[in-house]
Every structure is written in structure tokens, then in C-alpha cells.
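Just the one chain here, laid out as C-alpha cells, in the form predicted on its own.
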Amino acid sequence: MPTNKKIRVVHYVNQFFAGVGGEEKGDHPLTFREGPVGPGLLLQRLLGAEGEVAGTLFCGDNAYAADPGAEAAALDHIERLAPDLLVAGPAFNAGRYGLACARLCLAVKAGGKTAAVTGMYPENPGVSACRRQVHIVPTGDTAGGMGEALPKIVRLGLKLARGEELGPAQEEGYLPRGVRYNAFAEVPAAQRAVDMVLKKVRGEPFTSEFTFLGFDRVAPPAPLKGLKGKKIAVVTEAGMVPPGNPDRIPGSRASTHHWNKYSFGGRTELPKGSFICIHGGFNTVFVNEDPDRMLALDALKQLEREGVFEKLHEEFLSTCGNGGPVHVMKQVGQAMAKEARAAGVEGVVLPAT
């Protein structure tokens, strides 16, 4: 994108910042107005000659969360206006507002035509909903930080809209997304690590080169009260597929649609060639020689004959978890669970790598 092009911006705010009202107006429907509204006036001043706020979308926090048509209507307006950049918020520490900003930014980025940026207090629940995909400028916890947050959002947003290469999060002013790139450094890694250790021992400030975002704590479901009479299925993230991989499930970094169900074909064991492993993270030679090493059909059929459980589901569900982003794997798991429940499955065995 030419750097001299004026950037078209759509701004999203909630009912409070649009001047509609407070909590009593939480059900206000998605509304569009041309030009800047509320904090959008400051946004326009900061953009100056480099950009224009083509329009403002605002919605009650309750309405955006409860009305599935609100997001669709917002995307229709954005499609019509064809902006270069969506600025959502900033939402500070307002949870519902932050989640709305996160959802809209994710939806806009999924379209691939418009850049998106938002601002939130780091503990806003909207951060965990989108931080790996969306650039989020950290803000204070109240709207009193608007004057400090918006200039940072504008600077980052213009870079994103122009497709400029961004530096590390701490340099550009956004929350780390857990994305790592190779870069050359004058000081070798071993020396940098020792320097950081010494600073830590001396109580001096230092910045780690790796930020761990952490993973959700997943509460395990309650165990089955016995297996007698239960229908059991096999679910795996080991990348087990029919020969030829007809569904083109990748060996790493699967997307939400990269999973499927496959039939055991009435077998009681799996000979070589019945299924193959396309996982890119370990040596698959032994699994391809004997697919039962991973799917354990022979052992499970033996347990079925012995009456340990009532029936083994004839189809197994498979994806490849190698390098899979957590948010993607979560969606795949939810889809698999829905499929298993629809088939009357009451418990699953999870053979993995």
C-alpha cells in the first residue's frame, strides 16, 4: 500500500462511549453513523492528514454478546465502507466491551481485507480471547487513560494498515502474541542468557527474550461411573488418516476444519496400510508398520469381547495436533465432542503421540 494514501478507518465503540447511555442502554442495537463519534473525535485529530474516520459502529455491550445479528450487521457495514483499518475501543478493563472488541477484530481479520487494532487493560477477558491473532495496545484500567492509549493505537494501526513490518512487541507497544521470529544479534545467545542471569541475581531489571503466554487450565470431566453398558470411541490428535490422506489433513498447524471421522471397516485389528500417520513431529515408521500402536483397535476389541464396555464406536475421530494453536485445537475438540455425542458415545479413549 502506498505510504501517501489516506487510511480509511472504521471505529467501534460501545453505547457508553457513543453517548447513548450507561448500563441501562446495554441492549442498544448495532448502529452506524458516518464520521467520528465520541472518542473518535480524538482519533480523527490524531490521524490528521494520514487518515479519516469514515464511520463509527456502536452497540450495547449486552446486545453485542446476545444478538448474533449484531456482529453480522457490523461486518456488512465494514464490507460496504471498505476501510483499511478497524479501530476497536479502547475498552480498558470493561469486560463485555473488551470481548466485543475481540470478536469484531477476529471477524474482520478473518476476512483478510482489513487490518485491526484494539486497546485493553491486560487483565480484560477480551485479551485472552484474541491476543494471539490481534494486536492489542495495553491501556490503563479506566477511560481516564484515553489520552495516553489512543496515540499508541493510532501509531500501531497506521503501520498495520500500510502493511509495514513490525518490530518486537516491547518496541512497537502491543501485548506479546507468542509469535517468534529469527533475528541476528551482535551478542551470542549464551552470553545474553548469562547476562540476564547475573542481572536477576543482582536484582537488576532485565527483559526476557521469550514471553510465555500460558495455557488455559482445563478442568477434567467427571469420570464415568463404570464402563459397563457404555459406548466408547477413539479420538486422537496423532494424525491417523486413510492411505493417501484424502482430506489433506496437514502434518502440523492444522486449522479448525482439519479433522474427520474414519471407519474401522468392521476390523478387529489394523494391518499395515489400513491407516497411516501424517504427524510431522515424530518418527512415524513404527506406527505405519502397525497402526494399532496408535489406535489400539486390537486391544479395545478384546476389552469389548470381555464385556469391559458395551460397544466400541465403529468410527474414530482424528486430527493432527502437531504445532496446533491452542484456540484452534479447542475448536476442533468442541466439534469432535459434538460429533461423538450425536453418535451416542458416552466415553472416549485418547491415544496420542
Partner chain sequence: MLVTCLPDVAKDVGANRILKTRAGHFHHPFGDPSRPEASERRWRLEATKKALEVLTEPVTEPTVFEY
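This structure is a prediction, so every number in the text was calculated from the model and none was measured. Positions refer to the first chain, counted from 1. Between two forms, the rigid core is defined as the largest C-alpha subset superposing within 1.5 Å.
A second form of this protein, the form predicted together with its partner chain, is not displayed here; the remarks below concern that form.
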item: Proximity of residue 205 to its partner chain in the predicted complex, heavy atoms at 4.5 Å; value: no
item: Close approach of residue 54 to its partner chain in the predicted complex, 4.5 Å, heavy atom; value: no
item: Touches its partner chain in the predicted complex: residue 41 (any heavy atom, 4.5 Å); value: no
item: Any non-hydrogen atom of residue 232 within 4.5 angstroms of its partner chain in the predicted complex; value: yes
item: Within 4.5 Å of its partner chain in the predicted complex, all of 29, 75 and 130 (non-hydrogen atom); value: no
item: Proximity to its partner chain in the predicted complex (heavy atom, within 4.5 Å), stretch among 46-54, 63-71, 29-37, 283-291; value: 283-291
item: Interface residue in the predicted complex among 276, 166, 175, 227, criterion: non-hydrogen atom within 4.5 angstroms of its partner chain; value: 227
item: Contacts with its partner chain in the predicted complex, stretch 313-352 (heavy atom within 4.5 Å); value: 347, 348, 349, 350, 351, 352
item: Exceeds or equals 2 Å, Cα of residue 291 between this form and the one not shown, core fit; value: yes
item: Threshold 2 Å Cα movement between this form and the one not shown at residue 309, rigid core reference; value: yes
item: Residue shift check between this form and the one not shown, rigid core fit, residue 330 Cα at least 2 Å; value: yes
item: Residue pair residue 125, residue 222 - Cα distance in the predicted complex, closer or farther (3 Å or more); value: closer
